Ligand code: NDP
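Have a look below at one chain only, the form predicted on its own, in structure tokens format.
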């Protein structure tokens, strides 16, 4: 049960039409915040908007199609949030997926695409919403939280481009935390392992043995991947960590991260 009232505050969640982003938007709405979500897929975004409105009929909700790699799209989304809600208190940067590739088979174009996605999905929304976050800082809470991967600290050779990009983004987050601290804007991240998603559901449909349930298939895969907790994470579990870092619950935390990997992390 959430023990904080966010009435009067505004949360922005990129990639908010499914998975971790959608679960995070739910938590903010449940706590009374006004929420703006965006996503590239207009059909999925409309479905998310309808689901959130059905669950929270009185919610202050804005859903807008936006490609976080398109500067005009992001600036338009930020302007829509400013017009509708008058500002932003919390920004959750949540976009991007993993690329399976080795150094030997990753082309120059693939490297550029991966680096562009991972960096600019953080850079562009942060840049666009920063003026509003500066204004919010005077009211006592302004926060940026980024969804990153455990690959940032624990790279995998079969995901060389993604691991490298994730490490760079984690460095960027730390740098932002230091730069923005004097402006009273906190910047943190979560590092996720394997979390249930539409991508994993599609893999189950394609790879599972006939009659093998989602639960059995993921438990088997978790064992193969040496996940100590023996299962995939759930979107709401990652969302709870994001919620904590975005709100006053973590008011003395910046430049830090929460590990949401089920115990996979080997570093101390």
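Residue numbers count along the first chain shown, from 1. This one's a predicted model, so the numbers in the text were calculated from it and none came from an experiment.
The form predicted together with this ligand is left out here; the points below concern that form.
Contact with this ligand, judged by heavy atoms within 4.5 Å in the predicted bound form, is confined among 91-99, 136-144, 78-86, 104-112 to 91-99. In the predicted bound form, this ligand sits within 4.5 Å of a heavy atom belonging to residue 200. Although the partner is absent here, residue 66 sits close enough that one of its heavy atoms falls within 4.5 Å of this ligand in the predicted bound form. Mapping the unseen interface onto this chain, residue 207 falls outside it, with no heavy atom inside 4.5 Å of this ligand in the predicted bound form. Taking the partner from the other structure, this ligand in the predicted bound form has no heavy atom within 4.5 Å of any heavy atom of residue 12. Site residues 222, 231 and 261 are none of them in contact with this ligand in the predicted bound form, judged by any heavy atom within 4.5 Å. This chain is drawn without this ligand; in the predicted bound form, the residue among 173, 128, 185, 192 with a heavy atom within 4.5 Å of it is 192.
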